[in-house]
Every structure is written in C-alpha cells, then in structure tokens.
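Only one chain is shown below, in structure tokens, and it's the form predicted alone.
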C-alpha cells in the first residue's frame, strides 16, 4: 500500500491551484460553516452555494464527474439522518407500516422532517464537495503548512501528519494478518472455506484486532525512538512560510463576502 493512494491532489495550472493554501483552507472552512448555518428549507441559498462551488470547480479545471464520484463516499454517513423524517413533528405526508406488525404500527413522514432531512443531505454534500475540491487543488503537506499558518496547535498538526503517514503502515499490517488467516483456512472440494459459527468468527476477528493493536504499538515505539535519535523534539519542522500576496487576500476576501451575502439573503428572506 502506497502513501499516495489517499492523496486526492490533481495537478493543473489553474488560479485555484496557485492560490495560497492558507487562503484556500480558510475559504473552505468558511464555506462549510456557511452551509452549516444556512436555515432549513432555504433552497435558493443552497442553489447559490452550489453554483458558487460549481464555478470554483470549473475554474480549477477539474472534472465535475470525478468529484461527484468521490463525494458518494459520504452518502452512507449522511443517510444516518433519515430518522429525522419520522421524529420531527409536522403535517403527515406518508405512512410506512412496520414489517411483522400486521399494520398495527407504522412510521409517519412529516413535512418538517422531510425538509430537515433534505437540508442535512444538501449541507453534507456541499461540504464534502468543498473538502474534495480543497484536497484536489492542494497537496496534503501544503494543507498541513496552512493549518500551522492559521494558528492550529502544532501538536494537533503533528498528530494529523503522523496519522496520514502511518495509516498505510497499519493497512499493510492488517493485510499481512488477513493473508496469514487465509493461508491457515482450508478450502473444501466445493470451493467453500471452512470455519466455525459466528461466535467463532467474532473471536478470530477480535484476535486479529488485538494482534494489530500490539504490532502497531510496538512499531510506534520503534519509530519514535528512531525519530528521537535523529533530533525530533516533538515539533514538525516546516519550511519558511511564504508571504501572502495581495491578490491572494483579495480573492479570499471576495469569496467570503459572497458567502456572507448569500447567508444574509437566506436569513432575511
């Protein structure tokens, strides 16, 4: 497993790519905050945020379909909000009978709950797309430098950097454990693998998780000792931050002003 598997950066020579990472990071955070603050049912505001995001994607010279496909990964998490359709009071739009209840019990979908659910889906989707746009136009080391540039504590930045670097090592360890388990599993003449019941399988998975934890702990100790022997003092060393140019600040200020105008119209309408 290679470290660049999760690197979503797509290299082009667009103005968004050349923009200072600190400006891009702050703009992306403000956009996500604006999505979170947009009231329920403010469809025009969501449409304006979507158009603004679409313009940025076009300017960035990125494939819209590529970002759309990548954003699908957030869909299962957003669907966790489906319960709000049944829990928020309002006018009943539809009823769904519960299975195995012979029509005795049923769930009611309210209009307010449906509006809240669609709103949550739009907020999540737009926020994920903005995060994907940021990762596609900015390398991960630049994002880390931008986090330090805007004042994120160095301990938090170091933890994120190490997590990104060594999650691939953990992935390799997990793959080795799975290969060892496959090698020790017999296969019958019908092609089916042997094994016990679900409790036995749960014990096997639990043992693998425990072994992975012990191996990870042991490796982290060795890596830390190696880093200390090479002069690591607990702080990541970064190159000198480049000075912010005027046009970077102007672009970031214009973007935030547009977001503020959209939010103002959403709350005043």
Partner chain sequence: MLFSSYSGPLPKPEALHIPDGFLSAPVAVLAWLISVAFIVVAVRISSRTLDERQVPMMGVLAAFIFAAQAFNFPVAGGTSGHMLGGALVAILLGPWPGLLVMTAVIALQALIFQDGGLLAMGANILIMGILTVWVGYFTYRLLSRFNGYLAAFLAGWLSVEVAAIVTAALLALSGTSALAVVLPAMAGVHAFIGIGEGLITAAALALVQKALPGFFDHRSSGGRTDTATLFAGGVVLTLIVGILAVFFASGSPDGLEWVAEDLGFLGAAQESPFQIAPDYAVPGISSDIAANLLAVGIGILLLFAVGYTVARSLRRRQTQSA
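The structure presented is a predicted model; accordingly, all values stated were derived computationally and were not measured. Residue numbers count along the first chain shown, from 1. Only the largest set of C-alpha atoms that superpose within 1.5 Å between the two forms is called the rigid core.
Same protein, other form: the form predicted in complex with the partner chain, not shown, and the subject of what follows.
Mapping the unseen interface onto this chain, residue 43 falls outside it, with no heavy atom inside 4.5 Å of the partner chain in the model of the complex.
Residue contact with the partner chain in the model of the complex: residue 58 places no heavy atom within 4.5 Å of it. In the model of the complex, at least one heavy atom of residue 172 sits within 4.5 Å of the partner chain.
Mapping the unseen interface onto this chain, residue 66 falls outside it, with no heavy atom inside 4.5 Å of the partner chain in the model of the complex.
The three residues 32, 156 and 227 all sit with a heavy atom within 4.5 Å of the partner chain in the model of the complex. Taking the partner chain as positioned in the model of the complex, the residues of 141 to 169 that bring a heavy atom within 4.5 Å of it are, in sequence order, 143, 147, 153, 155, 156, 158, 159, 160, 162, 163, 164, 166, 167, 168. In the core-superposed comparison between this form and the one not shown, residue 116 has its Cα shifted by less than 2 Å. Once the cores line up, the CA of residue 170 ends up 2 angstroms or more apart between this form and the one not shown. In this overlay on the rigid core, residue 131 has a C-alpha that sits less than 2 Å away from its partner position between this form and the one not shown.
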